[in-house]
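We begin with a single chain expressed as C-alpha cells, specifically the form predicted alone.
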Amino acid sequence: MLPPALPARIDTERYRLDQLQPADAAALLAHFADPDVTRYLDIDPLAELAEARDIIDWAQGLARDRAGGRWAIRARDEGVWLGTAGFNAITRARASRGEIAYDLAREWWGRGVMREVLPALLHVGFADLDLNRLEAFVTPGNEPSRRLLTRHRFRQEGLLRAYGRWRGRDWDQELWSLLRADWAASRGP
C-alpha cells in the first residue's frame, strides 16, 4: 500500500502553500540568491536559473516518490513569494518520521509567517501523512529557528558534531524533534 501523497496546496488564514513547480524557478532563484537567506542552509547562494530548476526537480521527485516535498509559501491574497517549507525526507522503512525544513525571504523575517505556517505543516505530517515523529536540523547560531521550534514544542535532542558538509567545511547540526503524542497533547481534547 502506498503512503499518502502530500497535498498540492495548504491554506492558512494569511498564507497559501503550493507544491514547487517549474514556474517558480525565477522566484526561487531570487530567494536563494540572497546570502542572508542561505546563511544557515546547506546550499550556497544560487547564481543560475538551472540551480533553481534542480531544486524544483528534487522537490518534485520527493513528492512523486512520496518521500518528501516542498511548497512555495505565498501571501494568500496577493500571491507574493515569501519562502519555502516542507519535508526534506520522509522515512517509513522501520520508522515513521519526517524531516521538516523552512526558509523565508529576509523582508518577511520576524513577521509571524512561520508561526502560522508551521502548525499547518505539523498537521500535514502528523494527521495527513500519519507520521509519528518530526525532526528539524538547525545550524548552531540560527536563533530564530530555535525559538520557532521551541514555541511549537519541539525538543532539542542533541548536537550532531560535523554532521553536514557544505561550502567546503563540516558543520554541526542541532537535532530537534516533536512526537505525535506531544503535538496531540498540545492541541487539547
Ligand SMILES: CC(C)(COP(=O)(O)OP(=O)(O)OC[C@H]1O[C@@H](n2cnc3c(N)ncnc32)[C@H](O)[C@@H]1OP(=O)(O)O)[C@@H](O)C(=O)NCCC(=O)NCCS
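Keep in mind that this is a model prediction, so the values were computed, not measured. Start at 1 with the first residue shown and count on from there.
Although it is not shown, the form predicted in complex with the named molecule is what the next lines describe.
The putative spot formed by 94, 126 and 182 is not touched by the named molecule in the predicted bound form; no residue has a non-hydrogen atom within 4.5 angstroms of it. A residue is said to contact a partner when one of its heavy atoms sits within 4.5 Å of a partner heavy atom; residue 76 fails this definition for the named molecule in the predicted bound form, lying far away. The named molecule in the predicted bound form is approached by residue 151, whose closest heavy atom lies within 4.5 angstroms of it. Proximity of residue 144 to the named molecule in the predicted bound form: non-hydrogen atoms within 4.5 Å are present. Although the partner is absent from this view, residue 81 stays clear of the named molecule in the predicted bound form, with no non-hydrogen atom inside 4.5 angstroms. Comparing 60-68, 160-168, 39-47, 127-135 against the named molecule in the predicted bound form, the single stretch with non-hydrogen atoms within 4.5 angstroms of it is 39-47. Using a 4.5 Å cut-off on any heavy atom, the residues of 76-111 that reach the named molecule in the predicted bound form are, in sequence order, 102, 103, 104, 108, 109, 110, 111.
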